[in-house]
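Quick setup: one chain, the form predicted on its own, written in structure tokens, and binding and motion questions come after.
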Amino acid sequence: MRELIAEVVVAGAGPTGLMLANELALAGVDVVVLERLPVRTGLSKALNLQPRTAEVLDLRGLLGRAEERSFATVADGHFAVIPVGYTGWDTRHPYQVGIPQAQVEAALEERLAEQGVEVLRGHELTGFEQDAAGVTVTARGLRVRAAYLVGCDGGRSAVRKALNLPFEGIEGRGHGVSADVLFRTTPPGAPTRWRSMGNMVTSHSPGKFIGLIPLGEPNLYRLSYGDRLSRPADLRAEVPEAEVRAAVRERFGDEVEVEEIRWASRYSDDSRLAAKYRVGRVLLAGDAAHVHFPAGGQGLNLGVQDAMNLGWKLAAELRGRAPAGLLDTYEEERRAVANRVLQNVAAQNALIPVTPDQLALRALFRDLTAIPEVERHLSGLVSGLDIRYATDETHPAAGARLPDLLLGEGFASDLFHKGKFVLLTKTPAPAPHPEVVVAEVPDLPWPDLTEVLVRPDGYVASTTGSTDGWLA
């Protein structure tokens, strides 16, 4: 058996695991990435980057790579398939980036390779043991000794199961199916470009939904359909081609011909949240820590932002520059965010009508979304733009995301490419710590402040510039 030594083992090479590995490598951490599959599947799966995820990638100079691989810019998001715009949010990216998950993974793995880290494929995690000094991880043909293990291995996480952590939540009653379908000709009335969430999904009977999103290739579409009131006995069973074709006929009639069904996958409407995100030297991120119905297109985005939050904190812990308790704030902050997502998904599911009174409720809710304050609130929920982490400070800036300010010929996001803290100050100031980049700015988004210390993940750590509680 091959023996390796590392500082961190990341189990899983999806978007969460790859983003986390990139963050750790950027900080000089020796990271090993284990992936059970021998090759990338290439399946499109998730299709979007929300505005906050676009901002997060921009902080590391990664957004351009993703946009090069994208097939659409979508002007709005949606709440229960009711379009909500991003008006009112101070962001340079008031849109969704339409990009298949496979292409997100390709962009992240490309950057990871440039940092000298190779994904070890075909190595499924089979077990681990932890002690006070570290974790010994076994995978097929490998044994790795590391300081920490992070499970980014999906909703059926082997890491979470080995920890015997409760996966608490709600067992749903329904299901959904996603399939990439190539038609011989464009279906009547189907859009050929994805520019808005308007009219993308329809419902013709109680509890059921069906929708089409064009994927950039002629006549290739993401078909999504489901039923909130029933589910097959075996959710893991392969989706029959006949079922997908029947859904197409139900939506378009017999005249629409399917050339190819490239893949199809069924999912439940369960919502679950791991009881803990950390047990000793083992942590969870992404779908290993939370699963939910894909309402609003939030899942991949939630995981990438988990990784962004955890990466710099874990690196600080390993390098001895983390104050006591900093690593524990990962669970405190991100579990609360995930819980809010599960709550908004539950609300969205409730707005898929199955009774006449729910139909009336949905109609009323749609009217409410025309109120700017309501639309801003809902778009903030699904986009991640409204995230604000709890701090001891009462100023509105504390714990909030930093808008991407224009600074001379560049933007504030350029200052975060190395993954360090950034001190933005209106007056000259020395660096308070080797891990802090200082930038003098003419103005701040909060006129009453003269300087702010911003965390590596783009959230305000201190409205006085103090590093207390953030850097040892």
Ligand SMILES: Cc1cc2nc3c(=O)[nH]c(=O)nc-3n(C[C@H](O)[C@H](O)[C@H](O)COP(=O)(O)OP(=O)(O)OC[C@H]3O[C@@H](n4cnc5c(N)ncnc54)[C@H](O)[C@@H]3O)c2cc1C
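Numbering starts at 1 and runs along the sequence shown. In this text the structure is predicted, and so the values were computed from the model without any measurement.
The form predicted together with the named molecule is left out here; the points below concern that form.
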*Hey, in the predicted bound form, does V438 get a heavy atom within 4.5 angstroms of the named molecule?*
no
*Using heavy atoms and a 4.5 Å limit, would one call Q348 a contact residue for the named molecule in the predicted bound form?*
no
*Would P456 sit within 4.5 Å of the named molecule in the predicted bound form, counting heavy atoms only?*
no
*Answer yes if any heavy atom of C152 is within 4.5 Å of a heavy atom of the named molecule in the predicted bound form; otherwise answer no.*
yes
_G172, P323, P294, G216 - the one with a heavy atom within 4.5 Å of the named molecule in the predicted bound form_ = P294
_Exactly one residue in E393, D270, E124, E317 has a non-hydrogen atom within 4.5 Å of the named molecule in the predicted bound form; which is it?_
E124
*Segment assignment from 335-343, 286-294, 160-168, 364-372: heavy atom within 4.5 Å of the named molecule in the predicted bound form*: 286-294
*Does any residue in 84-103 get within 4.5 Å of the named molecule in the predicted bound form, counting heavy atoms only, and if so which ones?*
Q101
